[in-house]
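Single chain ahead, written as structure tokens, the form predicted alone.
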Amino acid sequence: MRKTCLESVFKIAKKNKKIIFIGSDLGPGVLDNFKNEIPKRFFMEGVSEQHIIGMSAGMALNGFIPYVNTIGTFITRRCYEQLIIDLSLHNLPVRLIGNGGGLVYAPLGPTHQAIDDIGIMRIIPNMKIICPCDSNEMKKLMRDTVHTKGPVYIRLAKGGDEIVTNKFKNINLGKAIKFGKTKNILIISTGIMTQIALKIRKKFLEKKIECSVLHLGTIKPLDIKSLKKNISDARIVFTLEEHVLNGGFGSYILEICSDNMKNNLPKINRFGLKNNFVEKYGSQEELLKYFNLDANTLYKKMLRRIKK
């Protein structure tokens, strides 16, 4: 997914002279094609994340559209004041590409695990957030970021995920994707948790239990119309996120439901990480399993709640 995202930046830059790439100590080989073919619009800065946000703001004020890339925790937590004051206050068209959303950097510990980024980014005025579930959706949404007003945060997974959106022709920023047409169990997810949601759906269908998945690849602005319709049709709803539950994706769903759907709300169950620092090390898959966010464990938990 990261490779697709950066390749998309290069392709966009070849067509649009306003596009600039800024990286922060990303190592050799990253976007060499961009560096070699468009060197005047390629910048690789050192370990200076706060600086590159100010740098991108200055370039945006001069008519450019910077795409800034570094590790997710560094481009969000470390630069928070700059994101608010330099970018969002001026509503500048800077695209923030955060590597390793969720537990991708599990081997590097809590300093690198972006498990609070959705929560802290969604409360910034003017900030938009996209969180694709596969490289196909990533490619389509990257196309839309060029002409989107204001700053955009792009939450990247590690890549190599199954392509699950190839049958959808209209993938656009701000629009939900629906898997299945049932009106019984609804799983709402974003990012790679949609991959897990689809595995859970398959298990339900094998048991002759109707289940659908609503994928929200754009978290902000959220597709409220689609969300309201699908929740209204469901008997029980589950939200999945690779993020702490406090203030995250599921909390956002509850807020929208509270503000827009006063009556006839089904039971909404949230699954995510507890509000703790992650003390375990391993692979992303190992930590998801440790925190009971793998498909098998979630399916069993959902089944128990449905039976109640």
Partner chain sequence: MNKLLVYNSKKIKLDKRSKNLRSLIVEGLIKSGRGHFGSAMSLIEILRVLYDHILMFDPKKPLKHNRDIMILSKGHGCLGLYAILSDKGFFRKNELEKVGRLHSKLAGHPENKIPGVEASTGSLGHGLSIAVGTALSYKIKNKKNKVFVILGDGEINEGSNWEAALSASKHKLDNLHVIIDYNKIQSYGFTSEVLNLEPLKDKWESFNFDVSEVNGHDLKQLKKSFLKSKLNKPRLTICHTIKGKGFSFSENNPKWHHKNFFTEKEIMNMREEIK
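Numbering follows the first chain given and starts at 1. In this text the structure is predicted, and so the values were computed from the model without any measurement.
Beyond the structure shown, there is the form predicted in complex with the partner chain, which is absent from this document and is the topic of what follows.
Contact annotation: the partner chain lies within 4.5 Å of heavy atoms from the stretch 47-55 in the model of the complex, the single such stretch among 245-253, 266-274, 27-35, 47-55.
The partner chain in the model of the complex is approached by M59, whose closest heavy atom lies within 4.5 angstroms of it. Within this chain, K40 lines the site of the partner chain in the model of the complex, having a heavy atom no more than 4.5 Å away. Among heavy atoms of D161, none comes within 4.5 Å of the partner chain in the model of the complex. Within 4.5 Å of some heavy atom of the partner chain in the model of the complex lies at least one heavy atom of E81. Proximity to the partner chain in the model of the complex, defined as a heavy atom within 4.5 Å, singles out one entry of I224, L108, L205, L89, which is L89.
Proximity to the partner chain in the model of the complex, defined as a heavy atom within 4.5 Å, singles out one entry of I123, I85, I236, I209, which is I85.
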